[in-house]
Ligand code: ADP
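Okay, so here's just one chain, in structure tokens, the form predicted on its own.
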């Protein structure tokens, strides 16, 4: 601890890490081994959030059941040797909420966040009780009671760093207790519960780390770290010892498992290392994410991909030499709160990619008013990531040489916009072939 008594490490455990009795026993051992005493952030037990959302929709339709959720927690807590009554008040509150939804018959984003919050609120209380039985002075703490605040964008809220002093003060007040904090959830300025998006518990961990000024945030999950490729696609994928924050953020955005994209933001600002480790194999070092990548600039670190990409091509001879045309195109996407990723232009065309079909009909209608529009679906974006890859002579040639040899056509390329990646668009059905071939060439 520092002179103010602030713990110097935050440990976050994901849904699979707290999903069964065996994993929770390992979690408790990991926490006991950490000194000084850490702040622990927990997700809902595996599968609980999905069931909560299912019952929220069922309640809005007029009928719901908490039987599966009660049975899930009762069975787990009995295996842990703790009394399920520890979460009874939380279940009573949840039942009252769902009963109210049956009367209202409507499910708003605000009420959806409120229901979703119960997963973490249940797990924090059960896990804290399990820790106490193992001689750890744990106390279950809702993140919003620590003062964590966001805007009112329900289901995908953005935290406000103005709350950090209040969060720091609240954690200091716990003194020698071990906080078991709910991930994923916060409150807005009106006092309504918000969520940080799926996998937002990682975000909670780095937010608390930034508020406290810790020396490290540890994210414990079910893989050995950040991998050179998706292990479900590439059997010989291996963990990467060190990544820069920029590389990790890029991989997260482009679909790599483990890290929530927004998780990196507080770490970037505070230059806090984030390690990603396997709860089932705590002896492994995993991956450490640091501010700068170190000496291995120009080395490919990983291959990520994102499916479900939509390519929109806007063509108009009126583009030629006409100022403001690009602004008109991107204003359409902004109007519907859609993020554009890859962009390629010529004198008479602009091609962009998005990763959702939300408002796609509206976008096409509005763009058609100013140009000819072509939309292609069933595409995937593959991203080869490594800090300084843009400056490495021959990097692009190697990547596209592999694709040429496998006769995989490339639809669109982005290289040079960032020093960190080479991105390209291919047919979705070619993703596995492309990733495996690239991994063999670049890593094996």
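Here the rigid core means the biggest group of C-alpha atoms that line up within 1.5 Å when the two forms are laid on top of each other. Positions refer to the first chain, counted from 1. Remember, it's a predicted structure, so these values are computed and weren't measured experimentally.
Beyond what is shown, the protein has a form predicted together with the ligand; the following relates to that form.
Only one of 218, 129, 188, 230 gets a heavy atom within 4.5 Å of the ligand in the predicted bound form. Which one?
The residue from 218, 129, 188, 230 that makes the contact is 230.
Considering non-hydrogen atoms and a 4.5 Å limit, which listed residue (222, 151, 192, 285) is close to the ligand in the predicted bound form?
Exactly one residue meets the criterion: 222.
Quick check: do 15, 226 and 256 each get a heavy atom within 4.5 Å of the ligand in the predicted bound form?
Every residue of the spot touches the ligand in the predicted bound form.
Looking at 86-94, 206-214, 231-239, 164-172, which one sits within 4.5 Å of the ligand in the predicted bound form if you count heavy atoms only?
Single hit among the candidates: 231-239.
Could you tell me if residue 302 has a non-hydrogen atom within 4.5 Å of the ligand in the predicted bound form?
Yes, residue 302 sits close enough to the ligand in the predicted bound form that at least one of its heavy atoms falls within 4.5 Å.
Does the 4.5 Å heavy atom contact test between residue 353 and the ligand in the predicted bound form come out positive?
No, residue 353 is distant from the partner.
Taking heavy atoms only, is residue 199 within 4.5 angstroms of the ligand in the predicted bound form?
Within the cut-off, so yes.
For a quick test of reading the superposition: does residue 435 move by 2 Å or more at the CA between this form and the one not shown, rigid core aligned?
Yes: residue 435 shifts by at least 2 Å between this form and the one not shown.
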